[in-house]
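Single chain ahead, by itself, as structure tokens, in the form predicted alone.
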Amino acid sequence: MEVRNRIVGFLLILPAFLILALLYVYPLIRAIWMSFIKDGFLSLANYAKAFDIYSRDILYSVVITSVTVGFVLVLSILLASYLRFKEWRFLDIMYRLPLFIPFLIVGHAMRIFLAPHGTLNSLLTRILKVEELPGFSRSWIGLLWTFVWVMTPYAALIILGAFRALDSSYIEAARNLGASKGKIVFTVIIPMCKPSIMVAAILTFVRTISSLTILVMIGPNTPNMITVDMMFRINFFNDWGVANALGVISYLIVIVLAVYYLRFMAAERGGIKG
């Protein structure tokens, strides 16, 4: 009976496994393999060229993504903390709206909003009584603004779910001891919801560093992030080797975070069992 249940279970997951293998695992393995091929021979030339040309862009990608994660976590925790203690249906609905807007629409909207004569500057020139202000639509500031705006709802949804799922008895106990809401958030809620906050941070990092549409429409011409460099190598030079090398580098950056998260989770579980 047990063997039969295992076979049935395997058959149920087999279609999903085959789709994952065909659409993700095989292309990943092929991309890694091709990144080491240069003129038909195994070589590290693609990686040497990638670091030689795009080392600044790789660093820029990590910095922009890390700063985005920092801002997103701060805003998400503030939003989740507020909605954990106070019901505000309007805010609970409005902060989720960017989740349903495609990145292409976000990029176009922000390009108009942050343009030199766009919505933001038109409003600021009237308030500040100045004739003209610089636009942010093709700068790292505009890129960061856009990333934070579009990524915060996603992280807030994860963190708010964890905050609301937390047993209220812990919060009530802290209140009975005279703790303020701010102290409850920083000494009770955040420490107990660290795994969910880590998940939100890692997913935000991955979604940001893998973005392309927003970068093309909002980001500066130089420096660029890794995905734009990959597109440039393929579209203009048909250089799949260097493009694949850049892709593997981005994978390695993400894997570092994934390993850290797994070690963190293992430590958390070990602490709970102990």
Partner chain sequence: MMVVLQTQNLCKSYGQVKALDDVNVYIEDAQLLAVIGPSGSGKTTLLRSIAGFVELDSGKILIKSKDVTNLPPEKRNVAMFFQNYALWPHMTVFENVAYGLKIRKYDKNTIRERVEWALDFLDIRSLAERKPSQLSGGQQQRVALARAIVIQPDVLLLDEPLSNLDAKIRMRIRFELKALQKRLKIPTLYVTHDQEEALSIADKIAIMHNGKVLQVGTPEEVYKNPVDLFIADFIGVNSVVKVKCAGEKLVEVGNLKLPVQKETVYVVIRAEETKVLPIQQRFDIAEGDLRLEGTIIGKLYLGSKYRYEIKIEGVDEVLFINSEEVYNVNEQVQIISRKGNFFIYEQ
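The model shown is predicted, which means the values in this text are computed figures rather than measured ones. Numbering follows the first chain given and starts at 1.
Omitted from view is the form predicted in complex with the partner chain, to which the following refers.
Out of A201, A162, L83, A174, which one falls within 4.5 Å of the partner chain in the predicted complex, going by heavy atoms?
Flagged contact: A174.
In the predicted complex, the one of I112, L133, L104, A179 near the partner chain [non-hydrogen atom within 4.5 angstroms]
Looking at I112, L133, L104, A179 one by one, just A179 meets the 4.5 Å heavy-atom criterion.
Partner contact for L144 in the predicted complex: the partner chain, 4.5 angstroms, heavy atom:
L144: no contact with the partner chain in the predicted complex.
Closest heavy atom of H108 to the partner chain in the predicted complex, within 4.5 Å or not?
Output for H108 is no: heavy atoms all beyond 4.5 Å of the partner chain.
Classify S139 as contacting or not contacting the partner chain in the predicted complex by the rule of any non-hydrogen atom within 4.5 angstroms, answering yes or no.
Judged by the heavy-atom cut-off of 4.5 Å, S139 is well away from the partner chain in the predicted complex.
Is there a heavy atom of E87 no more than 4.5 Å from a heavy atom of the partner chain in the predicted complex?
E87 lies outside the contact set for the partner chain.
Which among 179-187, 124-132, 146-154, 90-98 is in contact with the partner chain in the predicted complex, heavy atoms within 4.5 angstroms?
Heavy atoms within 4.5 Å of the partner chain in the predicted complex occur in 179-187.
Within 4.5 Å of the partner chain in the predicted complex: residues from 139-173 (heavy atom criterion):
Heavy-atom contacts to the partner chain in the predicted complex: D167, S169, Y170, E172, A173.
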